[in-house]
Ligand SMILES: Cc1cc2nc3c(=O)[nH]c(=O)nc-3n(C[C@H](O)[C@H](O)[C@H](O)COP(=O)(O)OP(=O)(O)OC[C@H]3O[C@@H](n4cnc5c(N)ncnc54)[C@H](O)[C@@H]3O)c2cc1C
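Next comes just one chain, in structure tokens: the form predicted on its own.
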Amino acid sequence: MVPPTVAQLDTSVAELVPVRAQVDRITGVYVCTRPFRAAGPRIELEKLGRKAIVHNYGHGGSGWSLSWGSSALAVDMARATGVRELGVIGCGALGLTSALLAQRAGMSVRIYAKALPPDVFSMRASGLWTPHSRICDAQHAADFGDRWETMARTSYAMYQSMLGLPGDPIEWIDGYHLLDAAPAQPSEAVSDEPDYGDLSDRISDLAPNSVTLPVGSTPFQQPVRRFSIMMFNITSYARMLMSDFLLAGGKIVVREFTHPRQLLALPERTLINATGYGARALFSDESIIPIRGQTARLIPQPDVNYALNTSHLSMVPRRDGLLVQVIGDTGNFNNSDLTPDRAASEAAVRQLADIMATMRRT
């Protein structure tokens, strides 16, 4: 006998607190550049004079999601050089996880970075478990698939061990994708981004399946697709990583590098380069393409504990503020402009307000 679907089991109307989507509740508009590489992240060892440089960058929109698995590969390469002291360049998602894993492997670690959290691009991410977001293009997906799956599964397992910690650095939430009530119309906007590789089927066993809910079972006026997803409360999560690193004896040096030869003066013979988009300038890596992303942060609403998205909009209910983002827009690929467009964020918040206005109240 086939078991009933979730939608059939749950006949009550989901009770969801409306978002207070008002432009005067915007506390900030943030822009970052995601470092996309068509072939996937660069995780490899390069010799620089007497130094061994292990590169760990170029994760597109999957930096936090894949950080532990990617850094595990990088640290293994660093350990193979036989050193006991390691330098890590960069203090974002990949730098912190590389440093922590190296410490747990018995190495003495020093981080060098021009900026520390909260002033790094990693802090401007949306905060959802999206391990295949702009991770490679479709042409390279088959060759990259095995390595990606290893990184995704390693990272997922690490995140499961962090559930329930103080500050909820990692938590599971439900989300609702609003389906278009009318047949889709041809879009006038032509995507300027490549066809990205879709590797999600390789880890389909890791997360609960999504389910379509009919009209009347949620407060929304159209059918929705309910999904469950991990969320990173990046403020508390990054603070936890920094604290763990320092408590284990890690050292941090605030320093900016503008040329690889400056790395030769560092005392460590082996370095992990986790500079993200900064590697394009530092190592003249033209394979890194910036993808501009912008989010608006609204005043936190602790009672809003669900994600919401449409084909044009995303809302993530982080503890440090509700993140509202336009999705599916053009002009972001190969765009390194960090100038905030507040008008675009205000328009997104108003669009979210329109959705909230149509919600049924229980």
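All values derive from a computational prediction rather than experimental measurement. Sequential numbering from 1, following the sequence displayed.
Form predicted in complex with the named molecule: not shown, discussed below.
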- Query: in the predicted bound form, does Cys32 have a heavy atom within 4.5 Å of the named molecule?
  - Reply: yes
- Even though the named molecule is not shown here, does Ser155 get within 4.5 Å of it in the predicted bound form, heavy atoms only? no
- Query: Does any heavy atom of Phe144 come within 4.5 Å of a heavy atom of the named molecule in the predicted bound form?
  - Reply: no
- Heavy atom of Pro41 within 4.5 Å of the named molecule in the predicted bound form: no
- Message: On the criterion of a non-hydrogen atom at 4.5 angstroms or closer, are Met151, Arg202 and Leu206 all touching the named molecule in the predicted bound form?
- Response: no
- Selected contact from Leu101, Leu282, Ala238, Leu213, since only one has a non-hydrogen atom within 4.5 angstroms of the named molecule in the predicted bound form: Leu282
- Interface residue in the predicted bound form among Tyr176, Phe121, Phe245, Phe220, criterion: non-hydrogen atom within 4.5 angstroms of the named molecule: Phe121
- Message: Only one of these stretches, 220-228, 168-176, 112-120, 136-144, has heavy atoms within 4.5 Å of the named molecule in the predicted bound form; which one is it?
- Response: 112-120
- Task: Can you tell me which bits of 58-79 touch the named molecule in the predicted bound form, meaning any heavy atom within 4.5 Å?
- Result: His59, Gly60, Gly61, Ser62, Gly63, Trp64, Ser65
